[in-house]
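Let's start with one chain on its own, the form predicted alone, as C-alpha cells.
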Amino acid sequence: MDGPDAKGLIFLVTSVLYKNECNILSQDEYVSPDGQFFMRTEFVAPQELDPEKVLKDLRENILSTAINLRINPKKKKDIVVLCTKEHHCLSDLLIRYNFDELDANILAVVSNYNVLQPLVSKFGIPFHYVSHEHKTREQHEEAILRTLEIYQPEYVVLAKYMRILSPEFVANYANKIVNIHHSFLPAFIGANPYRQAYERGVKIIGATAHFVNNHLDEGPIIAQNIKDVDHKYTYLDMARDGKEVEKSVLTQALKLVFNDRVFIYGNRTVIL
C-alpha cells in the first residue's frame, strides 16, 4: 500500500489481517520526507480465504481514498523479452528461466533481428522476428504490439533492445517495461560508449536497470552496480566486464519487480 501518511495505518492493516486469520511473515514501511507512506506486508492466508474479501475489509477499515491498496498473490510473472543482437542479457535470463531461478515465465522473445533465434529455440520458447526494415517506427511498433497482444505479458523486459520506444508504445505498458543500460549514459551517448569512456580515462564502469518512460534512459531506477577499472583496461576489457555487470543488475532488478517489492513514486522508486 502507499499514500499520504496518517496515524494508525499499520495498526489498521494488521488488524484486518489478524481478523481474517492471516499470519504476517514480514513487513516493511517507509515514510518519505514529503509525507508519502509506503508499506509492504507479506502474509499467509487460510486457503479458503478470498483475497478480494481481505481487500474489501481493508478498504472499509482505511477510509482514505488516497491510499492505494493492492494484494498480489505470490506467483511467477508472465513476461515477454525484447532483444536485438547482443546475447549476454538474454542468454542469462534464458539460463535462469531454464533452472527455475527467474520468478517468471518467459512466454516469448521478440527481436527486430533473427540473429538470436537459434539460441532461443534451444529453450523451446517462441521467437518472433519482427523486422524494422522498410517500416516507419510506428509501423514497426504496431507489429510488435500485435505480437505482445498474443501473450498478454505482465511485464516486458528489454534485454539490450537497441531501439527507442515511442511514448505511444510505452503507454500500453506504463511502468511495466524494464530496461538495462550501461551507466555511462547520458555522459557517453551514441556509438561506442566504452571507447568514449576509455578515451576519457574513466575509473568505474557500471549498469542501471530502470522502468521505461518517455525520457530516454531516465525512467525510475530499480537497481545499479559498478566495477572499478584502471589504466590497464582497454575499451574491449571495459565492454567485456560491463556486460557482466549488466547481466547481474538486470537480474537483481527483475527479482525485485517480480516479487512486488518496488513502488514507483514520481520518477523514483521505493524498494521494500
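Definition used throughout: the rigid core is the maximal C-alpha set that superposes within 1.5 Å between two forms. Owing to the predicted nature of the structure, the values given are computational and were not obtained by experimental measurement. Residue numbers run from 1 along the displayed sequence.
This protein has a second form, the form predicted in complex with another copy of the chain, left out of what is shown; the following refers to that one.
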## Note on the structure
For another copy of the chain in the model of the complex, the stretch among 154 to 162, 98 to 106, 167 to 175, 131 to 139 with residues bearing a heavy atom within 4.5 Å is 98 to 106
### Message
When another copy of the chain is placed as it is in the model of the complex, are Val80, Thr84 and Arg146 each within 4.5 Å of it, taking any non-hydrogen atom of the residue?
### Response
no
### Message
Within 4.5 Å, heavy atoms only: does Ile150 come near another copy of the chain in the model of the complex?
### Response
no
### Query
Using heavy atoms and a 4.5 Å limit, would one call Phe127 a contact residue for another copy of the chain in the model of the complex?
no
### Message
I'd like to check something about Phe123: if you look in the model of the complex, is any of its heavy atoms closer than or equal to 4.5 Å to a heavy atom of another copy of the chain?
### Response
yes
### Message
Although the partner isn't part of this model, could you tell me whether Ser26 comes within 4.5 Å of another copy of the chain in the model of the complex, counting any heavy atom of the residue?
### Response
yes
### Message
Residue by residue through 1 to 36, which ones have a non-hydrogen atom no more than 4.5 angstroms from another copy of the chain in the model of the complex?
### Response
Lys7, Gly8, Ile10, Phe11, Thr14, Ser15, Tyr18, Glu21, Cys22, Asn23, Ile24, Ser26, Gln27, Asp28, Glu29, Tyr30, Pro33
### Query
Taking the rigid core as the frame, does Glu138 move its C-alpha by 2 Å or more between this form and the one not shown?
no
### Message
Following rigid core alignment, is the displacement of the Tyr198 C-alpha between this form and the one not shown equal to or greater than 2 angstroms?
### Response
yes
